[in-house]
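For reference, the chain that follows is the form predicted on its own, supplied as structure tokens.
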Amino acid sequence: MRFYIETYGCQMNEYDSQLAEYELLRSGHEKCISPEEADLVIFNTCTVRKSAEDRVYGQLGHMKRYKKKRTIMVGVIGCMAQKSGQKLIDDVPHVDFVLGTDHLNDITRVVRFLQEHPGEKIVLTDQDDAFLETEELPRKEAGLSEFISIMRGCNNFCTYCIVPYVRGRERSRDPKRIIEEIMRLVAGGTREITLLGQNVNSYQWGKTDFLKLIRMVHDIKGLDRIRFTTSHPKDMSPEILQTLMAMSKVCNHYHLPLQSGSDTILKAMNRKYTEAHYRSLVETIRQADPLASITTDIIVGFSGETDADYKKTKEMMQFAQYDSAFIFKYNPRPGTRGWEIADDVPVPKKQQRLEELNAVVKETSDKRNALLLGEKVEILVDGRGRSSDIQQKGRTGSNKVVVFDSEEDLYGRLITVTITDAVGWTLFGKMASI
């Protein structure tokens, strides 16, 4: 069958879509680039925000029209599938199968069964406490930059978050399997990897913790860069940060979700750290590497958030000087602890706070980019620019895009450029003489 996978949500979902793709390719199915060409359309879904679910339901509506024209199989996988299960098929009868977060490796078996039994429906949402593994992934070619899942699930139960309920408890992956996968990728041309987990720095396999795993990855010859996401501030410390910052291959980009700058709200969110602890992490990074980037996630208008609470968040943003931030209005999700708490901040006030914080991060981002003007930075060239035939682009260790000109194709190379300008989120540079 020709298949098409549409992915919503985080990097973990992108990685899971790759796993599903590899399973289907292994079984002889063929990937295509649009649902119009496909015999099998799969939606890998997110349920963290209602807007993500609404988009999926909209796309599933389109599939009903497709099915009237020709034979097509439709599947829903991922977090929304895990949460809704049979209800998805009850609500959208033209969906053929629903697979939860621990059933990606069942996808080819399910597709084969439905090919042999037209009209049947399958729902698999039971959860396993083991790490979901696949056999060696049949990547046609290794990408320059690749995601590597090192753990799944979450034990934190933040009041607003659905992840522990749809991803299950934390399960770490055998470090031997992680290293083997990275080594295969590096042998195929990968230069940069991103270690993935809902709480990546709580990784634990026997006596191998996150730092020990990072050291093992750091020793892989031919690998140039290591990234990781997402860190939970409660599991990060100034000492861990100092160790990471001393490793030459670890990129100087740190994503530290703040969510709120108010201890009162952090406690209500069940975040398990304080404003003072978070501030110490920011100070450690800024003192050791002024050009490192710090990015974050913030929720405005959480239940009970007063003007004073919001002010503390704004003050933390101004202190941290974030390079970028994902800022969201609080929207209670069914199934979370927050669903049972009054959503008492008016929507207009949430919107006002959102706009104010977006303005703050735009200002701090501009300041952070201005610090790089005249600096020589190393970038990994990963593609072409849009303005001319000789324009190319790459990404700094601090995760900023740099556009530059070169008549030589430098794709896949680590080069040094001097930053000459900054426009919005994009930096411009010229090849540096070394």
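Fair warning: this is a prediction, and the values are worked out from it, not measured in the lab. Numbering starts at 1 and follows the sequence shown.
A second form of this protein, the form predicted together with a small molecule, is not displayed here; the remarks below concern that form.
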Touches the small molecule in the predicted bound form: L244 (any heavy atom, 4.5 Å): no
Exercise: D128 in contact with the small molecule in the predicted bound form, heavy atom 4.5 Å: no
Contact label in the predicted bound form: F328 to the small molecule, heavy atom within 4.5 Å: yes
R49: touches the small molecule in the predicted bound form, heavy atom cutoff 4.5 angstroms: yes
Contact residue in the predicted bound form, from D289, E363, D297, E355 (heavy atom within 4.5 Å of the small molecule): D297
The unique member of T101, Q259, S262, S149 whose heavy atoms fall within 4.5 Å of the small molecule in the predicted bound form: Q259
Region of this chain that lies against the small molecule in the predicted bound form, out of 329-337, 68-76, 180-188, 312-320 [heavy atom, 4.5 Å]: 329-337
